[in-house]
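Next up is one chain by itself, shown in structure tokens, the form predicted on its own.
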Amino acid sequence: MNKYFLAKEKLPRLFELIMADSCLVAPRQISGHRYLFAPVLQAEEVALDYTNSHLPPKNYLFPQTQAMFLFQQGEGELRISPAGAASRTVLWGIRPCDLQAINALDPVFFGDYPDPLYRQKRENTLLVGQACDRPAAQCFCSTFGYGPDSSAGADIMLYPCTGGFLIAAFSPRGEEALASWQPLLLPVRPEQEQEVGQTLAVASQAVKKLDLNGVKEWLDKNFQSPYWTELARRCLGCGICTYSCPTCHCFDIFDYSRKQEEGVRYRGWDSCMFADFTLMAGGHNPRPDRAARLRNRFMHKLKYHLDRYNLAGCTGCGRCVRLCPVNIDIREIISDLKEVATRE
């Protein structure tokens, strides 16, 4: 793997090159310390030094609302046509937790029934990761076996250093892009490698690592537990934890039609924290109360995704910890379950 140095003063030119044939999506400062991934129109809009985005960038692979197809009733037949093609996109500055989330989403959408909408966007998107040099207080990514310098899932990775970034490719698609950016890159000096190594070592030490030993095994054997009822007394069921989660992927499907004979089928994010999420047409609801819905959410993060894909359903990004209005904290839940498992 070859690393290069990309100076900050070269970035505007690089962003112009990218925007000449692709949609550039990058973290942008919305207000104060709040950053969101959004399409870039001018190079100076890209936030180069941010802790983490308020919401994850999964919206650009799995949009909150997405047209699935158009339908039209003809003479004795129903015609279906595609809703549109995915544009070529460069997703810039993704933190390792959100790269790991895309790794967790891939087997969901590329599974036994591949999702053509996700696949089209995924295949047309170059993922440029950015190592974390200043993890937030809520971050606990090390719990799940990776850290602030992890490159898993990235086509290209950026490593912050004085005056710019070290940059390296991690996939054939990344190597192709890096080759086209070569006139803007410089050789790496040994002191730059040393600086990056020291910075990321400090960042790794700053990330909280929880002990998961015994937690999944306890969940395997204890579907019914009064713990969830007690926890549910605090939950408002607002769903912010699922909407801010980089790995949650539930959606609903609905048709929109201005004319009776034609319309569009959409899908939109849904949440297992909502009472009607599992409500069936006959009136039965297998998760009739908030305790059952909370249990499902945390079982999904700590057990179900592992069972199905051998990948954790949580990446330790800490967004749900930061945004929950009643301070339900998955780190505390892991500690509680660990304590219960140890006691038993």
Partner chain sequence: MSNCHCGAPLLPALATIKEIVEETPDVKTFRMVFNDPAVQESFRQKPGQVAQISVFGVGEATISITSSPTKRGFLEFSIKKVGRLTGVLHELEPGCQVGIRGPYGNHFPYEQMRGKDLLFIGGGIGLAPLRSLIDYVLAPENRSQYGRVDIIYGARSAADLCFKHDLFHNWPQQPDTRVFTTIDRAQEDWTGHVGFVPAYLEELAPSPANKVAVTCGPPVMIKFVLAGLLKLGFTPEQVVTTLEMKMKCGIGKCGRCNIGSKFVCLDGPVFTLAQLQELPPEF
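As the structure is a prediction and not an experimental result, all values here were calculated from the model. Positions refer to the first chain, counted from 1.
Below, we refer to the form predicted together with its partner chain, which is not included among the displayed structures.
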**Report entry** Interface stretch in the predicted bound form with its partner chain - options 42 to 50, 23 to 31, 311 to 319, 295 to 303, non-hydrogen atom within 4.5 Å
**Finding:** 295 to 303
Report summary line: its partner chain in the predicted bound form has a heavy atom of only one listed residue within 4.5 Å, and of 181, 170, 110, 227 that residue is 110
**Report entry** Heavy atom within 4.5 Å of its partner chain in the predicted bound form - residue from 137, 236, 186, 80
**Finding:** 80
Query raised in the report: Wondering, does residue 59 line up within 4.5 Å of its partner chain in the predicted bound form on heavy atoms?
Result: no
Query raised in the report: Wondering, does residue 117 line up within 4.5 Å of its partner chain in the predicted bound form on heavy atoms?
Result: yes
Requested in this report: Using a 4.5 Å heavy atom cut-off, state whether residue 240 contacts its partner chain in the predicted bound form.
Outcome: no
Query - its partner chain contact at residue 54 in the predicted bound form, heavy atom, 4.5 Å - result: no
Report task. Between 278 to 298 and its partner chain in the predicted bound form, list the residues on our side with a heavy atom within 4.5 Å. Result -> 278, 279, 280, 281, 282, 284, 286, 287, 292, 295, 296
